[in-house]
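In the structure tokens that follow, a single protein chain appears in two forms: structure 1, then structure 2.
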Structure 1
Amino acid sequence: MQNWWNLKLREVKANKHSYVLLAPYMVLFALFTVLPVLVSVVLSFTYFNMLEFPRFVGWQNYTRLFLDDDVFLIAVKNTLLFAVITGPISYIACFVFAWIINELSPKLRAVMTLVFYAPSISGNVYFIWLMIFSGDRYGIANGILLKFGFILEPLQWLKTEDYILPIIILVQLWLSLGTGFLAFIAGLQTVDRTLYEAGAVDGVRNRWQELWFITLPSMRPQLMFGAVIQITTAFAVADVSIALAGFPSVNYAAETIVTHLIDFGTTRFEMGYASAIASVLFMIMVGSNLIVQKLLRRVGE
């Protein structure tokens, strides 16, 4: 044992420069990412209002979340709905569009990449959608429907519970061709061309088999990376909801776990309770990421 420690210590000393290079980043990373997660978990077991010292309350915040807080259950339902719909659709869309773009000539490919990527890079300009779905007849959506006589008076798109969720999903999908999409385009370009020839010899008959047996397994690393990015964004819907549906939204129709967290963290100052929400969100996000990672390892097997 003594020996093992000495050995490790010598290894650490020999690699002093590695630690020196790592230190500035890692200190900040620990301070602003690792420590907050730990603090959040600890606080979730306390009552804390920022003024008094946190008081330990055991599992009370969690029982209140799941048993007494109806709005939280709406938030969970909405968040899961967003994630289940926008997660897979956006992931598949990222791949399909990347796959189509990959067949184009380099010039056209660059243009199409820009076209698809532009929404996600154009910043927080969701208010374009406010203009499209505005509640008067000057919004594009109402204007078209009125003009062709589908409706007789303008719809209050963002103030009607039934329309709010689909609109947010639409905008979220519009924004979702982001980093994962770029990773897929790049991944497709790195697939070894000789594999396709070898595949043809080995009896790959059509494009679908080629896709499943050669393309997908070759770019599995990018697929995993893309999945992490898409899943994480799919669970984090909040900005779009707040910008379009308001905060709080009509009858909490657009409440998500993150907006619920913002509500308790920045409006009501129930920090212990908000931390419990954050911890639940953390578990859901990391858990689903790890599960999907496991599934993706099987692609093409």
Structure 2
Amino acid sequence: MQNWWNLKLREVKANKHSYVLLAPYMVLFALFTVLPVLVSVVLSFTYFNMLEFPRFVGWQNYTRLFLDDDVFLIAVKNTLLFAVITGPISYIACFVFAWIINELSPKLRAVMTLVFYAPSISGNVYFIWLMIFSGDRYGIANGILLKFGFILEPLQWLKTEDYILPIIILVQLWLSLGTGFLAFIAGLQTVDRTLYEAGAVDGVRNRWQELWFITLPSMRPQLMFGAVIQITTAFAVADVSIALAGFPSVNYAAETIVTHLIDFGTTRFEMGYASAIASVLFMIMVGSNLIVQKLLRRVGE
């Protein structure tokens, strides 16, 4: 054990300049990411209402969460459904569009990148979808359906349980070409072109083989970064739900883990219980990332 520590110490001394350059980021990361997560985990075992000093209650918050909170179970179901649908679809869509755009000329590539990336940086664009799915006859969706005789009276799209979640999934997919999309384009730009020539000599005969054996293995860091971004986005959905379906939504049809967290953390100020919700969400995200990492390691095999 002593030899291991001596070896690590020598490595630190040999690379001390690198550690000095990394220090500002690591300090900020520890203060604003690692420390809040640890504090949240500790608070999840307490009763804390922002007025009194936290009181230790053991596993009471988690017991209440899984055995007594029916709304949380609805939120978990909605979040998992949302993540299973939007996560893989948006991840694949990001790569496919990036792959296609990468084949264009530089000027056209820049224009198309902006076109696809724009919705994710447009700010509060939900009013567009509120116009489309407005519950009166002036809503775009209702207007089209009424005009062609598919319905006889306007549908309350965002007030009907059966329609709320599919609409939110649709809007989230529209917004999904964000940072991961740019990372994929950057990764495709950095692939060494000589690898394709070497691959042709080794028996790579078509574009699909190039993609699997050369392109994807060459951009594993970007694939992992994009996966982390998409997983985080899929599990942390809240703004779309609140903007379209309200807070809370009809019969909690659009309730997610994050909106449930917002409810207890910023409305009821039950910070211990909210921390328990956040800890569960954190564990789900970590587990999902570990699974995705194992899958991405097999790319190109």
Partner chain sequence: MVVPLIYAVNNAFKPLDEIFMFPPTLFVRNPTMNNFIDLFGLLGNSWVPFSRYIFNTFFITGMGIIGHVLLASAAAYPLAKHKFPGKSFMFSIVVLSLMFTPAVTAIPNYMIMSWLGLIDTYWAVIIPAFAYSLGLYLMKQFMEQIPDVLLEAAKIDGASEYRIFWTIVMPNVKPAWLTLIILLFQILWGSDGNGFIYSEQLKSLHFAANQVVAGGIARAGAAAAVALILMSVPITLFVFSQSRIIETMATSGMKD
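Only the largest set of C-alpha atoms that superpose within 1.5 Å between the two forms is called the rigid core. Numbers follow structure 1, counted from its first residue as 1. If you're wondering where the values come from, they're calculated on a predicted model, not measured in any experiment.
Asker: Can you tell me whether structure 1 or structure 2 is the form predicted on its own?
Answerer: Of the two forms shown, it is structure 2 that corresponds to the form predicted on its own, while structure 1 does not.
Asker: C-alpha of T33: shift of 2 angstroms or more between structure 1 and structure 2, rigid core aligned?
Answerer: It does shift by 2 Å or more.
Asker: If you line up the core, how far does the Cα of R10 move between structure 1 and structure 2, in Å?
Answerer: Superposing on the rigid core gives a C-alpha shift of 10.6 Å for R10.
Asker: By how many angstrom is the Cα of L21 displaced between structure 1 and structure 2 when the rigid core is overlaid?
Answerer: Its C-alpha position differs by 6.6 Å.
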